[in-house]
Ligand SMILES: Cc1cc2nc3c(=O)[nH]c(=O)nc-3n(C[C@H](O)[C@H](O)[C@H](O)COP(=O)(O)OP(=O)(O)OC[C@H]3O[C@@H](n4cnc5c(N)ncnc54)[C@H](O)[C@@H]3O)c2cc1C
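The data below hold one chain only, encoded as structure tokens and taken in the form predicted alone.
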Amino acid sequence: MAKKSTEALSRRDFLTTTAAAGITAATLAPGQAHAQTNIQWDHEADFVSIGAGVSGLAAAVSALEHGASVILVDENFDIGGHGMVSGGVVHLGGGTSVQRKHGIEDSAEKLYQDWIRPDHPLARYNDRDIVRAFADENAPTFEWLIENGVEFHEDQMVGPQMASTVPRQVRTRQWPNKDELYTARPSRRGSGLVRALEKKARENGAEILLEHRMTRIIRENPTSGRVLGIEVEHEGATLNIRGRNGVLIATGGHCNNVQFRRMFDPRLTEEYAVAGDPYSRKSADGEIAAMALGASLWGTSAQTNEAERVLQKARHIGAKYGYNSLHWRADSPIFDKIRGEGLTDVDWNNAILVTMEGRRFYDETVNSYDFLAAAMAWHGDPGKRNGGGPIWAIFDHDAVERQGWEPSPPYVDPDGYFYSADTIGELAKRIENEFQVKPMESSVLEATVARYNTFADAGVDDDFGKPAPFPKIATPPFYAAWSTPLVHDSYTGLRTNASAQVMDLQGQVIEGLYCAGESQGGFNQHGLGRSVVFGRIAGRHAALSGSA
């Protein structure tokens, strides 16, 4: 029987459930709205960022250096967003000092041409005005980061990757505080980016309001006029924060909002966790609040582009959060939310992957879009036509010995994500998870394992062509470990112009409203680079618009 989730909502996931109804009902019905007059402002600044992650912090530093006062709000207990737990790879080129150091010839024009290439699936759908602005700002932004205290591993460049034809990626150095809050493997070099920008923003006078959740963007009129500020919730109170020159949406995208992400791919149902969880969430709060004002989405094809896979195969199994480049450690102060490190370095010859019905569905050693599509496929349950449901790794005691695993907490989460039993039939009966919509039948899993063992004896996988040799699953105890794929980043969002100003369905700028980072659409590039670039552009434009 499925268990009901009791996880608390956070800023980036509150719109996924009943809280969403409060915003959409109040702000998407123009006939019920009225002009915003006589507002009592609890805080005021020239520039307000909804979110204190990579793009919000970059925007803050940029606005401050152009003379604007700044307030950043974030629902989390600390700054950084997904950037804090990222690998710190910054995609910036166009002729940077590090590129020159390595003898790499690059230019803004070459970068622009790479990212509008008609022969590359990551480039052909991009908004060319957005790419042009990005290309022109790349090299200056990289040097700007160095000037503002960000340190890079300049001895090594990464790439070329994605649509780039030359290396353009450099890793930041991890923030030196050994008591860093988000201990994880591999090291979280992204902390070096966000902590450096936070330090500069605070030194220059930015006010950062943590545990403040944005609930509404305030505009002069529901469908016209300038954006004036935002409404937030903090410790049960509602506060109004004025942004005299502008408000930035820097809320990290939409991946945690199941209904929102399913607009782009109906298969992405609730069983798929999100990369970076549970530190920060991406719940489309910024997008939905802007859409209530008439804002348009942009470049939505990028969200289902198979070249930049939205769904990724789990790397760490037996726990809920198995994102391939983030391995949470038990000494993290937020481990009470993580609950299991996961069994890692999986040799998939040691296990099979089965659906919630207990059937194999693909060669376990493959990591491709076709594998992920098979995981999301309809497996015959009329109660679960969309989404593939939980995926479980099944293995035995011998596999544990070969892998050198310790199949117990803190490495696994026995509360719904890891099970063991002395027989395959009993193992199936024990599997119980909030996303397992019906019990796994013992006879089905027994038949699956028995058939696989005949393939192991013969050295040929007649069902899916798994390369031999692969051992039998025959020695008790037997194990079932959560191995469901995870959603990666958001690749679409709000329409903006080249100055990061949000645009409506008529192609007109919504004055005073900006967007950067994963909430911005039109440019299918994963990573920190575009978040920094358009955050910097937004902060500068807002600051200068007030001084005109």
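Note that residue numbering follows the sequence shown and begins at 1. Just so it is clear, the structure is predicted and the values come from calculations on it, not from any experiment.
Keep in mind that the form predicted together with this ligand is missing from the display, and what follows is about it.
Participant: I need to confirm a contact call. Of 87, 425, 414, 439, which residue comes within 4.5 Å of this ligand in the predicted bound form, counting heavy atoms only?
Facilitator: By the 4.5 Å criterion, the partner-contacting residue is 87.
Participant: Could you work out which of 93, 318, 246, 83 is the residue within 4.5 angstroms of this ligand in the predicted bound form, going by heavy atoms?
Facilitator: Of 93, 318, 246, 83, the residue with a heavy atom within 4.5 Å of this ligand in the predicted bound form is 83.
Participant: Are all three residues 122, 302 and 492 in contact with this ligand in the predicted bound form, where contact means a non-hydrogen atom within 4.5 Å?
Facilitator: Per the other structure, none of 122, 302 and 492 touch this ligand.
Participant: So, in the predicted bound form, is residue 281 in contact with this ligand at a 4.5 angstroms heavy atom limit?
Facilitator: Judged by the heavy-atom cut-off of 4.5 Å, residue 281 is in contact with this ligand in the predicted bound form.
Participant: Is the gap between residue 219 and this ligand in the predicted bound form 4.5 Å or less for some heavy atom pair?
Facilitator: No, no contact at 4.5 Å.
Participant: Would you classify residue 388 as touching this ligand in the predicted bound form, given a 4.5 Å non-hydrogen atom cut-off?
Facilitator: Looking in the predicted bound form, residue contacts with this ligand do not include residue 388, since no heavy atom lies within 4.5 Å.
Participant: Is it the case that residue 206, even though its partner is missing from this view, gets within 4.5 Å of this ligand in the predicted bound form, heavy atoms only?
Facilitator: No.
Participant: Okay, which stretch from 66-74, 40-48, 475-483, 499-507 lines this ligand in the predicted bound form, with non-hydrogen atoms inside 4.5 Å?
Facilitator: One stretch meets the cut-off, namely 66-74.
Participant: Which residues, if any, of 244-267 lie within 4.5 Å of this ligand in the predicted bound form when only heavy atoms count?
Facilitator: Residues within 4.5 Å: 250, 251, 252.
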